[in-house]
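One chain is shown next in structure tokens, namely the form predicted alone.
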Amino acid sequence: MSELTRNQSLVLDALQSDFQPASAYTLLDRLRDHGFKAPLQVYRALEKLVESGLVHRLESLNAFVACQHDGCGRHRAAAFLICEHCKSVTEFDHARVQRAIGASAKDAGFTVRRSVIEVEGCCAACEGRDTG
């Protein structure tokens, strides 16, 4: 990707500062002091960051996270472990997952452009707590 715009850099920095999922409106609130006034400013920046593979959209949370892997492109499988209790997100990149997706797609005559896997469950920290 070419150099980031000011807004893209600010949005990416906000996501990287606290690796927690954030909605566009949460990002807007965080960035108001930097001149952000409308959701469209955040959405435009997020769109380009997602296209470049620097940010991922988590459909189940309607939120965005910064990529945790170097060289994460939009033509790869991204996979996330999402804790149902604390909402922590861990990105994992496992070659077996990518190979399985590729093989299944090939068998079906399908071309994969992007794959995002969201696995919901309980993280180790929450597993030990009384969640009841």
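Heads up: residue numbers just count along the shown sequence, starting at 1. None of these values were measured; they are calculated from a predicted model. Rigid core (definition): largest C-alpha set, two forms, superposition within 1.5 Å.
Below: the form predicted together with a further copy of the same chain, not depicted.
Inset, instruction - Using heavy atoms and a 4.5 Å cut-off, decide whether Leu40, Leu54 and Ala77 all contact a further copy of the same chain in the predicted bound form. - result: Checked in the predicted bound form: no contact with a further copy of the same chain for any of the three.
Inset, instruction - Would you mind picking the one in Ser23, Ser9, Gln16, Ser115 that has a heavy atom within 4.5 Å of a further copy of the same chain in the predicted bound form? - result: If I apply the 4.5 Å criterion carefully, the residue I get is Ser115.
Legend entry - a further copy of the same chain contact at Ile82 in the predicted bound form, heavy atom, 4.5 Å: Answer yes; at least one heavy atom of Ile82 falls within 4.5 Å of a further copy of the same chain in the predicted bound form.
Inset, instruction - Using the partner position in the predicted bound form, report whether Glu127 sits within 4.5 Å of a further copy of the same chain, counting heavy atoms only. - result: Heavy-atom contact with a further copy of the same chain at 4.5 Å: present for Glu127.
Legend entry - Asp93 within 4.5 Å of a further copy of the same chain in the predicted bound form, heavy atoms: Contact check for Asp93: yes, within 4.5 Å of a further copy of the same chain in the predicted bound form.
Legend entry - Interface membership of Val97, a further copy of the same chain in the predicted bound form, 4.5 Å heavy atom rule: Judged by the heavy-atom cut-off of 4.5 Å, Val97 is in contact with a further copy of the same chain in the predicted bound form.
Inset, instruction - Enumerate the residues of 11-31 that have a non-hydrogen atom within 4.5 Å of a further copy of the same chain in the predicted bound form, in sequence order, or give none. - result: Contacting residues: none.
Legend entry - C-alpha of Asp93 off by 2 Å or more between the shown form and the other one on rigid core: The answer is yes; the displacement is at least 2 Å.
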